[in-house]
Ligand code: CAA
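We begin with a single chain expressed as structure tokens, specifically the form predicted on its own.
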């Protein structure tokens, strides 16, 4: 039987994130919404240990669970989704270094990543021709004749924090003809020669989160910076995405909660109009439907996280949580736009911001369509 009562430590991490979000981040959220990268905010989060929630305390993390991580992400996203995205990807990179890295890699990369010495970490999988089909990527890493380094060439697209990261986790093919089994993972130093940052994407939402293309041209990666053995890159990516999908679900629900809270705050002022138009019941039913779907989605996220903490395979549950939570966030933010006053159309409106920020959650780290493919595949596998 699964216990959905959070532990004292999980509640402590949630409170840590909530207190910071409401006391400090809330004052900066509008600036981030207008495009300012949250440099100071992510450094504050690092100082609190929130850039490495599941990483060991000895290396600067909080030693928390996946449940605690999603609780914290939801709190940050409720106030500023752009900051939450930067926090989430950095946590993901740190988690993969902990899981697949050796002691030397952990000692080199994790302390600056978790302490804020690095502004952020980046995860570079998608390419212009390889988004949903990750196994078809074309970036190549060729081992030198003396075996001391790889030469990395290729282009990555839609990379969160790619221009400010202190380390970039890159997937590239070391055996081009082997499909997914020919992909390896590398920890790339952005200061290396041959590392080029492309254009900044002008996005609909998450404007404070930096999204760029990256190009690698003859970039030398020391062999000791390969993460795990050759051919394990696809496994690294899928492991990261399983955990990351829970985080995206939590982030989406934080965004949705922000919109719902804003609408709830307006309800007393609209009671007169509801009475005059006889729409009071319609409004209350919509609010009830939004809250019910959000609660169901949150339980799905928690279940997937609990399975992950228990070391149980949870690809199906993570995909279910991600698709249901993100589509719920879409439903909630759309509904809130219809219920909110005309001010929702203004740039600094919480409802308008949530509406814009929520849309991408159904796309990155696997589109809703990809999640359905994963769910169906896992169901067939279980037959």
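Positions refer to the first chain, counted from 1. All figures in this text were calculated on a predicted structure; none of them were measured in a lab.
If you look for the form predicted in complex with ligand CAA, you will not find it shown, but the lines that follow are about it.
If you check ligand CAA in the model of the complex, you find no heavy atom from any of 203, 294 and 359 within 4.5 Å. With a 4.5 Å cutoff on heavy atoms, residue 160 counts as touching ligand CAA in the model of the complex. Residue contact check for residue 186: none of its heavy atoms lie within 4.5 Å of ligand CAA in the model of the complex. For residue 75, no non-hydrogen atom is located within 4.5 Å of ligand CAA in the model of the complex, even though that partner is not displayed. Ligand CAA is not drawn, but in the model of the complex it has a heavy atom within 4.5 Å of residue 234. Only one listed stretch (121-129, 285-293, 257-265, 212-220) carries heavy atoms within 4.5 Å of ligand CAA in the model of the complex, and that stretch is 121-129.
Checked against ligand CAA in the model of the complex, the candidates 192, 238, 142, 197 yield a single residue with a heavy atom inside 4.5 Å, and that residue is 238. Only one of the listed residues (164, 299, 135, 98) places a non-hydrogen atom within 4.5 angstroms of ligand CAA in the model of the complex, and that residue is 135.
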